[in-house]
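Just one chain follows, in the form predicted alone, and it is written as structure tokens.
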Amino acid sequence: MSDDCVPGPSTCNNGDDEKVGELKEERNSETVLIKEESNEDKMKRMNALLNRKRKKAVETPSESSIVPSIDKEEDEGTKRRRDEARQKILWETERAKERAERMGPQGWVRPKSLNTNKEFLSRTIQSTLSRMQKRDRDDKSIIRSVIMVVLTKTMHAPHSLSKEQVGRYSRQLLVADFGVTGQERLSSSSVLIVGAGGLGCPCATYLAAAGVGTIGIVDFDTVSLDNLHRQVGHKEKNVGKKKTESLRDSLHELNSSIHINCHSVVLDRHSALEIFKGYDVIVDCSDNPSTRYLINDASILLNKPLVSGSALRWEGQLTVYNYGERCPCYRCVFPVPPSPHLVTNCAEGGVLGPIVGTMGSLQALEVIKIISQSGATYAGRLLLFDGQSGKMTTVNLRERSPKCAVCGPHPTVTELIDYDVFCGSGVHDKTPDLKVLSPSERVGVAEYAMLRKSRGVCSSIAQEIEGRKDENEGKSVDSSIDLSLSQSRIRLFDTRPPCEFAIASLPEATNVPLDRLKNMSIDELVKTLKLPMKKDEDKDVFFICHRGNDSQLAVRLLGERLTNEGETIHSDIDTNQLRIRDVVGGYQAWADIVDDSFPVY
């Protein structure tokens, strides 16, 4: 064998050493180049190296290519995990967007379609349990996860108020002892207001503005022009419209997010319980005893708190019934209804708008305190407000009466009764027509008009006024002219208070208020009323008032004072010949039947 065919060890080692030396020099040069190259060049070099490796892998089969099934399974698993990760990212993104939409100004999250925190936690626990069970988790793991979710959710307790509600009611939310909890209770509550008048309008307005969820309004009446000075929930354009609908429109203009129910019916024993049962608190803004007893009894039977208010002239009253074990009801304080002729309402006694506005606002405040459970109420106490002096007085009422017919331990009223019969007047009788005289003691407005015309009263008064105009050269004439000429022909006495007499009256009438008549002696009566003596031919004396009630009382009073058991007290008066009568229906009937230009109030 030649030397060329059989290589020796010395020959081989020398060649290897030369190659190793070349590689070292090449690597050293590459190291120097790597240190000096920029980041951009480094990225290019690394990409080129990766491309070479990929090309080599394709040209030279690797060990993994011997077992293609394992490689395929790994590829499918990787793909599945990649898809799951992608779906999770999309899901989290959607959740983040939804959370951002419901994120509040202070970092809390408002639950959708939930009203209370209790419901929110219940829904959260159920969803967490469902997810854990689907993953086949053990009981301990499920319990641990649920506890962690509950703790996480309650660290920043969510509430049911939307961003718009927080903005609208923000000034209420800042009030101590009210806050978010009080607002949530208002939003989920319902209040029924009986009466859409002077008390009901301000009460409903403030409750709607405060965000009471549902407000019910009960009233059968329509808006009239004389309502507008005090019933601020109605407008001129709504005259003749149902009060419930008029007030509903006004409240929706103020707060369109609340729900309002209109009950344009006469509240009676057949409808009261059905209407009342759908509300949490009842507010009595009525103006007659019959309705007040009905509202009280229905509230007691359904165990509803009752906020009651009233107003007349310069004064107002407020209390809360049936709110607490010892709190009395209306029947406890007034077990017997008053006589109808002793009841005075706004139509007869009048009232100032700010008085009913004050009392209606206080009623709304009591309702808010009851619903939000914040602050002391007037349960068991009576607030007396005197607007003329600006004083407020609080009187403690006696506790619930054990003899009360409706709220006592042994009630006799277990269902609603006929309250028109019980009170002697109905819901429609805002001004009951008294009937205390016989027909022979009364005269109709048409008959009286004919009588005064036949006796020349009209011409006499006209001549008197015309003469005064001539004397004053056309100047306006004071209404208090000398009526001796007319009184010599007919005697008409107006029993209204001076403030009403100043509004309008018949020319021949002389103002003698009923309260003044009650305190007169016999001689004062004869002198003031200029009663006819025996020598006088005219024996007629007439009394007139607003609607024909006080005039009847005046006739009966005069008859009783002039006679004693049928005998005449005053020697100069022949009561057998004297005819004292009242004008039926008063000035209201006069305007309706005789003279439609006469002012009506």
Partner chain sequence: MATPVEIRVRFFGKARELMACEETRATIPNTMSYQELKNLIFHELYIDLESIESACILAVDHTYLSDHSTVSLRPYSEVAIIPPLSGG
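Just so it is clear, the structure is predicted and the values come from calculations on it, not from any experiment. Positions refer to the first chain, counted from 1.
Keep in mind that the form predicted in complex with its partner chain is missing from the display, and what follows is about it.
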Seminar exercise, completed: Testing 190-198, 522-530, 408-416, 296-304 against its partner chain in the predicted bound form with a 4.5 Å heavy atom criterion leaves exactly one stretch, namely 190-198
Seminar exercise, completed: Assert contact residue (its partner chain, in the predicted bound form, non-hydrogen atom within 4.5 Å, options Thr214, Gln172, Thr344, Thr222) equals Thr344
Problem set entry | Contact assignment for its partner chain in the predicted bound form, among Leu312, Ala209, Leu451, Leu514, heavy atom within 4.5 Å | Leu312
Exercise. Taking heavy atoms only, is Glu184 within 4.5 angstroms of its partner chain in the predicted bound form?
Worked result: no
Problem set entry | its partner chain contact in the predicted bound form: Asp287, any heavy atom under 4.5 Å | yes
Problem set entry | Exercise: Phe276 in contact with its partner chain in the predicted bound form, heavy atom 4.5 Å | no
For this session: Would you check, heavy atoms only and a 4.5 Å threshold, whether Ile503 touches its partner chain in the predicted bound form?
Result: no
Exercise. So which bits of 379-395 sit within 4.5 Å of its partner chain in the predicted bound form, heavy atoms only?
Worked result: Leu382, Leu384, Asp386, Ser389, Lys391, Thr393, Thr394, Val395
